[in-house]
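Same chain, two versions here, written out as structure tokens and called structure 1 and structure 2.
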Structure 1
Amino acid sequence: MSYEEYEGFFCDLDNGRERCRGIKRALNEASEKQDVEAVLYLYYLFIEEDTFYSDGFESFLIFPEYLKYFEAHPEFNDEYKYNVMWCFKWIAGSAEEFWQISLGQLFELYKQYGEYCDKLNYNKRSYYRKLWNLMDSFGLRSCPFCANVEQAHRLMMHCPIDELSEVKAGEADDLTSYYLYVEKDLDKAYKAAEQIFSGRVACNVVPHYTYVNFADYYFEHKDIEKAVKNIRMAVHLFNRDFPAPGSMMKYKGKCISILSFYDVSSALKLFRRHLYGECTNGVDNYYFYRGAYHLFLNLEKTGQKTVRLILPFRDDPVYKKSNVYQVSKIKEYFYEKAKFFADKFDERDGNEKFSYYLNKSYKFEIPQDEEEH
């Protein structure tokens, strides 16, 4: 394929923003040469890199250019339609996580997504999967394409698995999530997760997500011991497979939050290990900062007055060179950071789901740890 001559722009660069910039330079070069096939592939390659190794925001911005170029060259549609549909799938799953992208923009993206499924002759299983997740994750009671979450999921289940569907582990985890978060049926969820927990299916993020999903369920149903049992399994996997701070922040934040209500010392250790700073993904920031707030709320309840932390926010007034902070102050600091994103998403989505879970009071017995020095 002709794109191979452009690999020198990015092949030796680190994954993430640096590699994205290299692919963009290659894309500009191919565009100037009017190398259509290379341009089509490099757009796809950029979106893949941005989605999995950066933050996915720029993919949303560049995608209309990609579609316009794809439409302008129908002679390559059959060869590259598969790439286009994967990009729809990736972007639909990440664009929602940026409060700067309005519901109107998200709905326009889904409108195009559905139209392209029909136009390029793909079924809508992945489309409806993304749709029900969007509605459930952000507290949307309805959207222009479905009356409710249940309808979106039902329509998904009527579509056969195809080449755009999740791997088997992803399909099983998705069904587990639906039973836990929407139907709230633990028996169905365990049946759906049986092949995951038996080890018959797995992928790079399953069973990681699955353990956190079950922990969420037990936590909200006030069974803290079972919640923590699942969290400890998830923490082991995150520490092993995603050790870099800044990765999987949403799920690590959930782990810190739940663990802090049972074993605040372990939660603090986990927080220190994965504290990164602020990324561009609003959902990741919200969950990690909410976890930090719950951690220091519970640490304060143990009677501990100060805590030693190496904060990455060196330009922030809260930063202290001594690395010693008052627990009450740092608790309020992370509350305000979580509240910023909660307010942004609630305003965008027209509800108070993010604020509700930030401010919700949980009544659990917290072991009294010895004061840390």
Structure 2
Amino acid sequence: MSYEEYEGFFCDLDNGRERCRGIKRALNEASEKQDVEAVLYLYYLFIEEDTFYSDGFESFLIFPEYLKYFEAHPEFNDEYKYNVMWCFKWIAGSAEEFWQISLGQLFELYKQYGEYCDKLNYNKRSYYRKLWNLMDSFGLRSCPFCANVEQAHRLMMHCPIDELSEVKAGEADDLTSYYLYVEKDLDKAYKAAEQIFSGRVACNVVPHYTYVNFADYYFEHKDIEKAVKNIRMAVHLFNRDFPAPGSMMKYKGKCISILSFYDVSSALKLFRRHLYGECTNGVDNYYFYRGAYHLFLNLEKTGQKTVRLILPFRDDPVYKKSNVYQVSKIKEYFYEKAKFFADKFDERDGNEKFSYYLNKSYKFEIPQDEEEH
């Protein structure tokens, strides 16, 4: 079968679970025909699709199979090592987002990723990038391989860019987020993001992430207007490029969160659009539920007592056939859901980062007409 014929299984399907299913059908077909190259490539496509357009859990499940298949066909290793390592990189990046995986297991996984970098002749830039991202995102002061975030970042910068490095836009976004989250230096961050904002570099998730990172920074520094200005850009981009339910829930959750402090009706619209049910990725769930909690907290402040919602959780005791919920109750409900994940991550990571950001109270001065907007 030609590649075009395999592509016929999924090329007309939209991104997300549907396309994943199509790629899987093509993969089964290629597997049955023992078309090794097609199998190796389709595994890659599946993981790429699931990583960016779903919650990444299925990638995690399919990757061991992919790795085993790759190793069983050494004659194709040179040609496909790039694909396998990119998938490994995505897997290592998303593994941390599942609270079920302990820190010990994570470090072992990272270690193995580093070993594969050596084995397949890649440098450790992407490995150190994973490390600083991990430590920063989960509030880890150190890890067995690095004393702190700054050291991991320094080690990353010492490694030259190679095939496993991010594309230009990704590298620029990465540096931007380092300045925003670690150094908290807005000027440096804007400098790093210059190419992104001028439109000179872009990729499938940049400038999307960049806008959210700046919004996050402003939100935490109490500048709600600038936070919202950035978040509106991000909302457009996520709606446009990641419409599939269950994809990019972490970022969509952050958008709902920030928007709800400024324009609660737009936040409610966004929430309804992406309300999807629970995915397997704990970080995605945490941020989406935290967004929902902030949304109903702010809706309650407007004096609204009830809200019409169709919850996807019909088996949940909170579900009401009337679809009308008390704002205060639904707020508590989502708080508890976010808290579940916050507790799980904090317990795993030995800190209180997730609980802190869930319980932190935010207060902003908003002009009256904007609030009503």
Partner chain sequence: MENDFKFKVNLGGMIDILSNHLYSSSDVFVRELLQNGTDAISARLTADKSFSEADAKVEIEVEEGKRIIFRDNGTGLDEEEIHKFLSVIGQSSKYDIENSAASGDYIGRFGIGLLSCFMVTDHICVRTCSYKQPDVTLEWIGMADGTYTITKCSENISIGTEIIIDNNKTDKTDSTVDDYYNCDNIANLVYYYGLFLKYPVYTLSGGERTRLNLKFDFDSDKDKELCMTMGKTFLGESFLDCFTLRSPTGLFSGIAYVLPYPVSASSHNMHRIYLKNMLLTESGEKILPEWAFFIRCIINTNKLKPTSSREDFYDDEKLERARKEIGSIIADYFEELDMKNKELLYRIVSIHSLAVKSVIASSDELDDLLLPYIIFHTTMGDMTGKDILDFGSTAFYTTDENQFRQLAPLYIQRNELLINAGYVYENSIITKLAEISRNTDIIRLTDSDIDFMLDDSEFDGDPAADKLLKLASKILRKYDCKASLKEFRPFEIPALYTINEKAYQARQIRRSKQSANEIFMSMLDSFESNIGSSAVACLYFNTNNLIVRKLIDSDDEEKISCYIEILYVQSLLSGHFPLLNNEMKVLNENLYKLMMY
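The shown structure was predicted, so the numbers you read here are calculated from the model rather than taken from an experiment. Residues are numbered by position in structure 1's sequence, first residue being 1. Between two forms, the rigid core is defined as the largest C-alpha subset superposing within 1.5 Å.
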{"property": "Number assigned to the form predicted in complex with its partner chain in this pair", "result": "2"}
{"property": "Exceeds or equals 2 Å, Cα of L45 between structure 1 and structure 2, core fit", "result": "yes"}
{"property": "Threshold 2 Å Cα movement between structure 1 and structure 2 for K344, core superposed", "result": "no"}
{"property": "C-alpha of Y325 off by 2 Å or more between structure 1 and structure 2 on rigid core", "result": "no"}
{"property": "Per-residue Cα shift, E115, between structure 1 and structure 2 [Å; core superposed]", "result": "2.8"}
